[in-house]
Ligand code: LLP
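Starting off, we have a lone chain in the form predicted on its own, written out as structure tokens.
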């Protein structure tokens, strides 16, 4: 089991903080996302402690988990927000995050989204192409505003992670190529409604080796020197997110302190405020999915299946990234069995585990899919006409319903 005291066994039953998960399933049904508020806060504070000596501003990456209660819990600790769309901006504002503590990213922002960001008064718009810079200037001109802009640089650093979550390689769609920087700097001299105030990068997610950050940060520091030489007053230096978390106990994440030890000496005396954008790091291990075993079956070659009521519509990561999630029986058993834990969706990729030892639980019992707090509910879908599950937040012994379970009526409410 993952090393966390926010989800632990008490008298043989898995609990979130001091609340039994079987009682939550009885009250709210399954599938059910269960989030520990104390886990969110603890993880945020550990991040802040690691970088305490560095002038910095932490902006929670809302794409990891956009539940309003999750955003609000982190904002109450002092976090800003990094958003990637008009919808995420709306959620952050709805959760009570001041616009001046929000930065807006996204490689394909529409003019409507740019207008929404500028009229809301966000801290920075992060641009990823020459064409986008021109679009921001047009919208700002119509509004009679000067847009505060950061440019996202593609540092061409290929980190060792899943190819679908690497974002700092020149083969990928993200950021402005370093070969274009001369054109970009000249463009700022001709676009009166833009103010270049920040530099930004993001090299991917689940980056275990700090040396990839070191290499990319050095490239961004070179850009900072060039920008200042040309007369630009750069205030913000955004190193992105992507810091790792533990999904598989056999592959523990590198401690955040190891990244701080490498990065702080590189940037502490550069006269900038460093922005960080942790998302998964804060939320991944703060939530589990509770799911009930509907059926058990065994095929003619002796392979065992646990068929549960959650699936890839609730957590697509195993299907999309072949990612590992620990799965535990909520009630401990003395005996285990090797089985696939699979969902009810009509796809062969709809599984949580393949041929893994799991408690020998019976039909009707509960399982918990761990590390489901990042890229779980936010990537859920109604495929197969599925209803998105309810979500609850636990704080000690207090339980709050933070999202109601969808209804069949809601499945068709926007159709004519």
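This one's a predicted model, so the numbers in the text were calculated from it and none came from an experiment. Numbering follows the first chain given and starts at 1.
Below, we turn to the form predicted together with this ligand, even though it does not appear here.
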Just to confirm, with a 4.5 Å cut-off on non-hydrogen atoms, which of 317, 292, 72, 115 contacts this ligand in the model of the complex?
317
Exactly one residue in 54, 68, 387, 379 has a non-hydrogen atom within 4.5 Å of this ligand in the model of the complex; which is it?
379
Based on heavy atom distances of at most 4.5 Å to this ligand in the model of the complex, which listed stretch, 88 to 96, 257 to 265, 241 to 249, 137 to 145, is the contact stretch?
241 to 249
Output flag, 61, 279 and 375 jointly within 4.5 Å of this ligand in the model of the complex, heavy atom basis
yes
Flag residue 321 as yes or no: does it have a non-hydrogen atom within 4.5 angstroms of any non-hydrogen atom of this ligand in the model of the complex?
yes
Touches this ligand in the model of the complex: residue 109 (any heavy atom, 4.5 Å)
no
Is it the case that residue 206, even though its partner is missing from this view, gets within 4.5 Å of this ligand in the model of the complex, heavy atoms only?
yes
